[in-house]
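One chain comes next, on its own, written out as structure tokens in the form predicted on its own.
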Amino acid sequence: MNKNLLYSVTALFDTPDGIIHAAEAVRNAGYKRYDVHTPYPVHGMDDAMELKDSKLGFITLGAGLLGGAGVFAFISWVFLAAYPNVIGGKPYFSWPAFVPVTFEITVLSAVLLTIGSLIVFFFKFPNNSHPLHDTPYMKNVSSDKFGISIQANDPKFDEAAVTALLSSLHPLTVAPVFYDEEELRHTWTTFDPKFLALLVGVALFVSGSTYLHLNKLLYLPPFDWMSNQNKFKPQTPTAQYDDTRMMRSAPDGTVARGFIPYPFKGMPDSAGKYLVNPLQPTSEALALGKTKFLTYCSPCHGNFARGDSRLRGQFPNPPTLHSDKVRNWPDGNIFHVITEGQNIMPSYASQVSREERWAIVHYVRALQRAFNAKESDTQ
């Protein structure tokens, strides 16, 4: 410790009222470079020190807006330019789907950049030392005492005058704090070559250890029990069966518990003859049918079932559903095609429930009526 390098003069108090009174006295005396340290937040201290609002909030706001705008722009670029895929009939720029990720990245960016700014600009990273660290003053104020420290670089600072002012406030102790010579000799800066070399070394160590852990260690006993399980994997052969296929088909006639099999499999005429739509064409059923039609049917059939696909030539266009053939079909035939598929159209039974399929039939009938209206419909 070099007693020629004075950092500040400190005073300790026993009560919150004592430190509030001391802060007011130091402020009224015109000192600007001073700080108060307490073991817990003391109500009224901001007013006693006449502290201005922190500017840190602007850093947090800017960081959050920057992160949110950046990730929203990135997601938009991915869906509009890099990978413009139709997903469930939604448009390419389906911004509601972007909101959860944008929100999370906004919060994450705000937190990380705020903490980074505090560490780098306010705490002078990579320095991790301070003249008050490990002093009796700091040990007391971090336990059960209240302290004030007036720094020597204050424009009005005079050691004798500061000591006299603090002593007049009836403190427990008044003591000077000096810089540590050892710490002064090893002051780090962000771009110090040794510090940068340390960062590179840490990055290499973390990268190497992570690679070895995830790609080597976890595949060695006893950590490989997840990858070497006593089970069959999909699409792999096996000597257990004569046909060497691991994936087995269910025996003929097998019915899942709670499931009623579709009785007209491969029988479209019977489906049209015997199946009757159990739903009434209410506004709720039509709304459900519209939703499911636009999600599952419109990518190929078009929004109005005219066979004008929204896939822009990526897939063969199906025939229109407004033809005389389809308009004269019974409801059961349309339900059968949705359930079983037809030609290159696959079955949608696993994606659309029975009730939803019947609702789609109602909506298709409504579209057919709208595009093939009779004169009586206008009366």
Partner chain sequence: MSTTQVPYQRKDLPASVTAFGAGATAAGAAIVALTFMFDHSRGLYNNIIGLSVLASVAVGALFYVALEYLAGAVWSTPFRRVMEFLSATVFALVVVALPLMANLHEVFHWTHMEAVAKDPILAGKSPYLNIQFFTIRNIAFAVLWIFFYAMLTRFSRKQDTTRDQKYTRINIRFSTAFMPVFALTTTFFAIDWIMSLEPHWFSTIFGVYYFSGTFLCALAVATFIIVSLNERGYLVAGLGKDHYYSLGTLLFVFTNFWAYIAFSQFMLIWYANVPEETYWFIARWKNGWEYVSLALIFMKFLVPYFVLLSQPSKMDGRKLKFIGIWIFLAHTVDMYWLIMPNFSRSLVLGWQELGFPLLIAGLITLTFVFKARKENLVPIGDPKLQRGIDFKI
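Fair warning: this is a prediction, and the values are worked out from it, not measured in the lab. Residue numbers count along the first chain shown, from 1.
There is another form of the same protein, the form predicted together with the partner chain; it is not shown, and what comes next is about it.
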Of the residues R245, H213, K90, R306, which one places a heavy atom within 4.5 Å of the partner chain in the predicted complex?
K90
Heavy atom within 4.5 Å of the partner chain in the predicted complex - residue from T189, S167, S94, T238
S94
Would you please decide whether G266 lies within 4.5 angstroms of the partner chain in the predicted complex, comparing each non-hydrogen atom pair?
no
Check L80 for me: does it contact the partner chain in the predicted complex (non-hydrogen atoms, 4.5 angstroms)?
no
According to a 4.5 angstroms non-hydrogen atom cut-off, is G208 in contact with the partner chain in the predicted complex?
no
Check whether L61 has any heavy atom within 4.5 Å of a heavy atom of the partner chain in the predicted complex, and answer yes or no.
yes
Please state whether all three residues Y31, R33 and L199 have a non-hydrogen atom within 4.5 angstroms of the partner chain in the predicted complex.
no
Any idea which of 95 to 103, 278 to 286, 256 to 264, 150 to 158 reaches within 4.5 Å of the partner chain in the predicted complex, heavy atoms considered?
95 to 103
What residues, if any, in 35 to 50 have a non-hydrogen atom within 4.5 angstroms of the partner chain in the predicted complex?
H43
